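Okay, so here's just one chain, in structure tokens, the form predicted on its own.
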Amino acid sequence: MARKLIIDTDTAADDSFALLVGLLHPEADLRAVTIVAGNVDFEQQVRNALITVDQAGRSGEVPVFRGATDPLVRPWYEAKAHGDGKGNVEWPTPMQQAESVHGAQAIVDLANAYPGDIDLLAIGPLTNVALALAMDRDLPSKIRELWIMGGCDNSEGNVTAAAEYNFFVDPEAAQMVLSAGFATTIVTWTLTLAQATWDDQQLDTIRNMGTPLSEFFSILDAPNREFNGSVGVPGSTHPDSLTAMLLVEPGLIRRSSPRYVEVETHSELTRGYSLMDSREGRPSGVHMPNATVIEEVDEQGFYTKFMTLLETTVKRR
């Protein structure tokens, strides 16, 4: 049976690719998309999500909800790698509009409608999830699994030497969510760089597929590909779509481990740093694991599965 999903996103290019997993994969039953302040201008993120739903041929079938327009206590911090998040081109006006209910409320409502039978995929800053948790302290027991794209495995980040973007933008939300008791799985930026970065040959293969969705992918991916080249990363990175794919294709996971994960909220020097402790050699009861961290995946399998989605025939207006 397909897994009921909520995708909480700051929709830019790879977020849109993660949405394609939720919208098109046969093991995904996407019930809602909630938008959180992150990559680009908030209303642009909403529009990007609606464009993606439209391009996937699912307009009117999956509701999109506006969520938090700012982090819990800090100013919004824009990402620099995505252009406007839609490939800097104009797409047809989406048929669908965003819902009036707040994204955090939508998370709570769906968790109560399907207690223990819905998964939450959080691929942006964790502000909406923290707000939903504040509204319903029993939320961790109602969400079957929480999958987070965020943090680094005790290594260098993509915003500062200490931090990955999602945790850096709203570290207070990240720490609140990680300490709440969800059944949490984390895909890190560390893993992305090592095992979910597609080179020019792989990207050219996608472009040459000649399907509507491969064209959509290539247009959205171009700014990320250009930015990565400017900072010495060949090809394009796919943290969000990897996280989505692992949720519905767990056979792609080769190695993971239970970790204690905590996020730095006080130091400006190491703001958003994610401590990931395996607690080997620690005294009993110290730093008990609160998440499963993915450490190795089937790289080629992920790429192949995603290419299969891009071959999907979609309904066009």
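Computed from a prediction, not measured in an experiment: that's the story for all the values here. Residue indices: 1-based, along the sequence shown.
Below: the form predicted together with a small molecule, not depicted.
Chemist: Which of these stretches, 215-223, 88-96, 234-242, 175-183, has heavy atoms within 4.5 Å of the small molecule in the predicted complex?
Modeler: Contact-bearing stretch, as computed: 234-242.
Chemist: For the three residues 25, 119 and 147, verify that every one has a non-hydrogen atom within 4.5 Å of the small molecule in the predicted complex; reply yes or no.
Modeler: Looking in the predicted complex, the three residues 25, 119 and 147 all stay beyond 4.5 Å of the small molecule (heavy atoms).
Chemist: Though only this chain appears here, would residue 55 touch the small molecule in the predicted complex if you measure heavy atom gaps against 4.5 Å?
Modeler: Answer no; every heavy atom of residue 55 is more than 4.5 Å from the small molecule in the predicted complex.
Chemist: With the partner left out of view, is residue 79 within 4.5 angstroms of the small molecule in the predicted complex by any non-hydrogen atom?
Modeler: Although the small molecule is absent here, residue 79 would touch it in the predicted complex, with heavy atoms inside 4.5 Å.
Chemist: With the partner left out here, check for me: in the predicted complex, does some heavy atom of residue 123 sit within 4.5 Å of the small molecule?
Modeler: Taking the distances in the predicted complex, the answer for residue 123 is yes, it comes within 4.5 Å of the small molecule.
Chemist: Examine residue 39 and determine whether its closest non-hydrogen atom to the small molecule in the predicted complex is within 4.5 angstroms.
Modeler: Looking in the predicted complex, residue contacts with the small molecule include residue 39, since a heavy atom lies within 4.5 Å.
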